[in-house]
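For reference, the chain that follows is the form predicted alone, supplied as structure tokens.
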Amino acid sequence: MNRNELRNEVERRWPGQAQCRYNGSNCEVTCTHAVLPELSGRLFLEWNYSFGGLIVEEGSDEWQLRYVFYGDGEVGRPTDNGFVHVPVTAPLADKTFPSIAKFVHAADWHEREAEDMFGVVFEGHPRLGDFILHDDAWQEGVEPMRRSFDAQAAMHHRRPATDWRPRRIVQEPGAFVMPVGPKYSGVTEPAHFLLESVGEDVIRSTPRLFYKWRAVEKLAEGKTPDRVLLLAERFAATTAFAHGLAFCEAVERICGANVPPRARILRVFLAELERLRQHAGAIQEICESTGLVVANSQAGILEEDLLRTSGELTGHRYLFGLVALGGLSRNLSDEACAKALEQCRRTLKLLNQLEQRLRVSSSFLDRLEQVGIVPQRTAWVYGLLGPIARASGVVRDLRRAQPYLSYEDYQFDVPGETEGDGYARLRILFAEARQSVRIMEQAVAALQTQQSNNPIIHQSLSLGAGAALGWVEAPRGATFHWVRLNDEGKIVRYHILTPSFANWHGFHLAVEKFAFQDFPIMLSTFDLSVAENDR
């Protein structure tokens, strides 16, 4: 649906209650509370817009809730169905809004998060509370993202619910609950799962997350963007460049800064290097979960090779400190990038060989094929993102749908599968690795059209009041960073929408109706990040 069709539909269906305003490729649809659920449902279910997330802002005298949707775009005219923002407001004294989760199930966790963080109540939502702030550790009503909450003051009067018990769904005779986590050996981060069963198959899986919630968004308030960039690229270290880039893109849009062409090319190169390394690590985790010792070691060596390539090229194995407001913090020579590309080509050749060996391993395939299936319709309804969605036939990628960094000038394919099982998710990882190297090759060729001493940062970055959304197709999927600055150029509101937050919401779909022993394998095929979730 293009912009004219959207405007006509909105004005026809809700005359006087909803209005479209365009700003470039973005559309803002203001509407009444009564119209909000149906409008959101039309955008998501009928007009084929993906749900990006919910942004809550507390003003001086009113709430503003901003629902973000985005279209697929088309090659050649990607902005015809760009972003749709649906803002609704209410006085601060009125903390009640209608829930859209009935029509947009992908918004379920976003509304629960807003209720925990701000105390906003969503009428019609089936289950609010006890989400990020666990009732057995916090009490209701803390609302730590409110402006009145002092993040520097200790909470002397915590009143957790001492009678808290896990919520059970299965009540049949002989039913039991198998707890998994939240503590594990090694470097595994905390996550708790309640697996309900009557026999060997998991009937219901309930995740209990946010044990390491760090209030990154609260810590950002009142700081300058250069300080917050350190938080943006460190809260989830394995995807540091993607999140730092999304934050910078948001601030640069507020300032109207034009990133120099050479910096844009290098940003593409580094983003694809990070994607390649992250996918190699995810493949290694899948091999480890299925007990393939040799394949696990081989994949681990390849990931290490890519980490060393990153470190040799940039000075940091996880690309910390490279992205900067207005461009990059340092230049990278054409020769160094060409050398890194050649190293990535060699690694990709070995990855392809590993894939061919895994294809003929019957014991390996038995653990992945037809296991952990997420059907296409379900993946779409839950708003799953990245390789997980593309393995289930929901082939969306922000590099194509809403291009940034001039990705529209690069030739690459967005792989897709339809089976939605663990093996389909693995095949997507291998296929995307090949496309990343393909993009890196084009980036190195594009560098040759630039003078090596061309600027790599926009020098006259003027910070002032404004708000903008930055977006990136991170290795795990679409990520969005919302930034609002005040007149002094300091952060008023910072909100991060990560792909892991969306994909954790749908993880139980892969686990349920399959055996207990499949659980760790399904967890590895989803490549979920606790750090990216518990921001």
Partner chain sequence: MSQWVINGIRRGIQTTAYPAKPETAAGVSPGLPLGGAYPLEQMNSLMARCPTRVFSARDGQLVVDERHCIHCYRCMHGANQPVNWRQDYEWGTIRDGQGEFGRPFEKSIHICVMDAGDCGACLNEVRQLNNPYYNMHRLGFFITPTPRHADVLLVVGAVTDHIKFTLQKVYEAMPTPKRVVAVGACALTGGVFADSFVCTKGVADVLPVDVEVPGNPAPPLAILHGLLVAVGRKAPWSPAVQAPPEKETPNESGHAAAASARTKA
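Since the structure is predicted, the reported quantities are computational estimates derived from the model, not experimental observations. Positions refer to the first chain, counted from 1.
This protein has a second form, the form predicted together with its partner chain, left out of what is shown; the following refers to that one.
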Seminar exercise, completed: TL;DR on 119-127, 210-218, 84-92, 195-203: the one with heavy atoms within 4.5 Å of its partner chain in the predicted bound form is 210-218
For this session: Given its partner chain in the predicted bound form, answer whether the residues 30, 99 and 111 all have a heavy atom inside 4.5 Å of it.
Result: no
Seminar exercise, completed: Students should find that, of 182, 256, 464, 375, the residue having a non-hydrogen atom no more than 4.5 angstroms from its partner chain in the predicted bound form is 182
Exercise. Of the options 300, 403, 260, 416, which one has a non-hydrogen atom that comes within 4.5 Å of its partner chain in the predicted bound form?
Worked result: 300
Exercise. Can any non-hydrogen atom of residue 531 be found within 4.5 angstroms of its partner chain in the predicted bound form?
Worked result: yes
Exercise. Contact between residue 305 and its partner chain in the predicted bound form at 4.5 Å, heavy atoms?
Worked result: yes
Exercise. Heavy atom to heavy atom, is residue 133 within 4.5 Å of its partner chain in the predicted bound form?
Worked result: yes
For this session: Look up in the predicted bound form whether residue 285 has a non-hydrogen atom within 4.5 angstroms of its partner chain, and give yes or no.
Result: yes
Exercise. Taking its partner chain in the predicted bound form, which residues of 231-253 have any heavy atom within 4.5 Å of it?
Worked result: 231, 234, 235, 236, 237, 238
